[in-house]
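Single chain ahead, written as structure tokens, the form predicted alone.
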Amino acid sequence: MMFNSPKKIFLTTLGFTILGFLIQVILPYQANTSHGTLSNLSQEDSLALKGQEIYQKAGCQYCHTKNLRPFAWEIKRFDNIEKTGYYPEFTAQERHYDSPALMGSLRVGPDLSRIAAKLDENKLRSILNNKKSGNAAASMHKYGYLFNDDGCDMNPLALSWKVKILMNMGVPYSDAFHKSALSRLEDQTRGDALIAYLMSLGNKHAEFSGNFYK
């Protein structure tokens, strides 16, 4: 019998382990990347990629989620149906290149997965600079210091290396994107990078879904 032989037990266990790995890891990944679907989800702007780091360091994910739920009241509050259509919740594919995961843990503040469809850049800048007195959102976001630094913590060389590593891991960045990481961060502040990242959230979804539903 098979179980009387340690060798056969080892080979059977190894075979099931490899099979499970293929089914649970390799095949789902291949399915998600078919037809170039994931190539449309990587950051198009290296400043936005830097902004993702600022988003994490500022702890935005502790009060804000990026997991819009398919409820009418939530979509109406946190999204713009005319721009993103009627199925706008944050999908697993959109989280594919988030490392670490930035979905968020609490809904203390609004969901940000479709913030680009809800607010414009000037509104976001005003909120983060805490310039509107009496505005509840502005009073809770005292991040004006992010716009007053002199390139502090931007470190374009580190971002360039990060892009190169991500490219080697299969993220579909181009060589031009890699080269832009050095020049794009010049004369930019951490606040500018954070806004660029926020304005990328839901932007591509709006481009495709909104036009489709119209």
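A residue's number is simply how far along the shown sequence it sits, counting from 1. If you're wondering where the values come from, they're calculated on a predicted model, not measured in any experiment.
Note that the form predicted in complex with heme C isn't included here; everything after this is about it.
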Against heme C in the predicted bound form, would residue 75 count as a contact residue? Criterion: heavy atoms within 4.5 Å. no
Hey, in the predicted bound form, does residue 117 get a heavy atom within 4.5 angstroms of heme C? no
If you check in the predicted bound form, is residue 137 within 4.5 Å of heme C, heavy atoms only? yes
Wondering, does residue 97 line up within 4.5 Å of heme C in the predicted bound form on heavy atoms? no
Non-hydrogen atom within 4.5 Å of heme C in the predicted bound form for each of 49, 159 and 173: no
Near heme C in the predicted bound form, with a heavy atom at 4.5 Å or closer, the residues from 105-129 are 108, 109, 110, 112, 115, 118, 119, 124, 127, 128
